[in-house]
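Below you'll find only one chain, the form predicted on its own, shown as structure tokens.
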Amino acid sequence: MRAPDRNRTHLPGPRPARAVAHTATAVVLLLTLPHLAAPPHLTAQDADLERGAELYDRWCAACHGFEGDGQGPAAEYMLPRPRDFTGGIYQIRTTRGGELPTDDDILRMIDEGMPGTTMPGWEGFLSRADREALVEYLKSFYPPFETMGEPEAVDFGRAPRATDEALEQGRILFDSIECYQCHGGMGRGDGGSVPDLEDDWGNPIRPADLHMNWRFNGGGSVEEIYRRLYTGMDGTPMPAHSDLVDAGIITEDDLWSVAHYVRSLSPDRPPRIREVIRVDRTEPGELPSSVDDERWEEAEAFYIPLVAQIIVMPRWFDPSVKAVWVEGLHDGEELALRLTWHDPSQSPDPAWMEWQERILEAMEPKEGDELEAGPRPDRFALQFPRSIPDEARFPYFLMGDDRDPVHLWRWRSDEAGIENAIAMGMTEITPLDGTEVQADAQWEDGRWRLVLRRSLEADNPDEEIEFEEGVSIPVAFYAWDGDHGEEGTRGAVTSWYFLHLMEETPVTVYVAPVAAALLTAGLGILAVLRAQRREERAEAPVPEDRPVAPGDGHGEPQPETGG
């Protein structure tokens, strides 16, 4: 389904023949007066189908096709491809593998969308009545929904507690039932069988990266992971492990342990996206220069999502790299950044050449030159304005233009390594002789880690960024997976974020709190002493010959007059 556009006026238009015909009058009534009861000549079910058909044509057909076959005009731009409803094959269900989903299952997919795909959630845009009408209409594409009766949901029970023993058992079973073949030994989607994976329609398909549960189809909780393990994901290579339970090879508790282990690979909560990447200051000589330096433990990791580059021709709708984690440290003289992103192969890898061929065939360019499969390195780039902007006006985020070029650090996984460059657009990049940028990179278990280090000052300040403490400096990120056929404009991008180099903490920051505490303590002691003196005076006997002043209380302390 395409993303909703609240600002566009839609009028019903001609559409191909379909199982449920309807008249123009009924469509107008349903569009303009959706709150009224169905016309007398329509049953309630007919009205739902009519409404569902109109909504489907408006919001869903561009991707899923007017006949529900997954062949909409936008489908060829997408991987995974949109769902073909005519076969009754659904990934996310609470029913057993191979069975039809319940109405609630279909409604949930409409409500929440399918994370990791182009399918958005519609709960906040369409009314529940409209979404339920869509459920009825989607079922009409597959007649057995009517003849087979209501599907029966599985009783999954409740999740047992996650103990250390359960997590260890889950890790062992993850290997013994060969989850690593697709998901990889560390769960980053880099298993040895991945280059050959395809869905039931012959399209290349990737397994989930188990370190990003917020991108899981069907949800990322322990309970939701267990359901996917138990029921499988029809139409994909993900099998139903209920077969292993039924055969007595593993128990339901074993499968819960696997679910707990898979859930443990992701953070407790989805990472928060922040525009400012804080770069903490460290002592001189303590700046790390390698990817595995233990001093990186001092730095906070900032999560930056990347998206498809679909603006500059030729565009790329299926980028491989979904996010980068950025850590930064500086010592007042140099800056070091560690960039971490998931990539299932160290490109170029001959074992992935067949995958690249299939990807390029599936994502055949709709504009620009057709790509040929071949060895391509992985790439990563950081973009900066050439100088710190005085105002909130930055160069074009897709590598600038001829009026306002940008400064690039470009790294690639082959012998070319790292280089400085000036860019006037994504295809107009010129190497730059300037300040040396040091690089250290390592690929392991489906993950790249790259350290870039450079002095804060630049040899050529007219062309290169100079970093300043206490100032937020714009930065944008780009990634290319060579074995996924990515290069040039075909890759993953971000808009502007900001690096903020923290300033050295002044001595007063440490001295002031101590001084304030001492002053407070001193004032407190003084107050106690004065209160004690008042008490002593109040309790002292009054001489019999002392005249009592007007208003003098019996034993009340008198105002002090000094001495």
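Counting begins at 1, following the sequence as shown. Worth saying up front: this structure is predicted, and the values here are computed from it rather than measured.
Although not depicted, the form predicted in complex with a small molecule is the subject of the following passage.
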> Any idea which of 115-123, 312-320, 161-169, 426-434 reaches within 4.5 Å of the small molecule in the model of the complex, heavy atoms considered?
Replying inline: 115-123
>> Taking a heavy atom within 4.5 Å as contact, would all three of P80, L210 and F216 count as contacting the small molecule in the model of the complex?
In response: yes
> Do I177 and the small molecule share at least one heavy atom pair within 4.5 Å in the model of the complex?
Replying inline: yes
> Might L337 be said to contact the small molecule in the model of the complex, defining contact as any heavy atom within 4.5 Å?
Replying inline: no
>> Can you work out whether V262 and the small molecule are in contact in the model of the complex, taking contact to mean some heavy atom pair no more than 4.5 Å apart?
In response: yes
> Quick one: is N420 in contact with the small molecule in the model of the complex, heavy atoms, 4.5 Å cut-off?
Replying inline: no
> Since exactly one of I110, I465, I473, I304 fits, which has a heavy atom within 4.5 Å of the small molecule in the model of the complex?
Replying inline: I110
> What is the one choice in V406, M233, I359, A479 with a heavy atom within 4.5 Å of the small molecule in the model of the complex?
Replying inline: M233
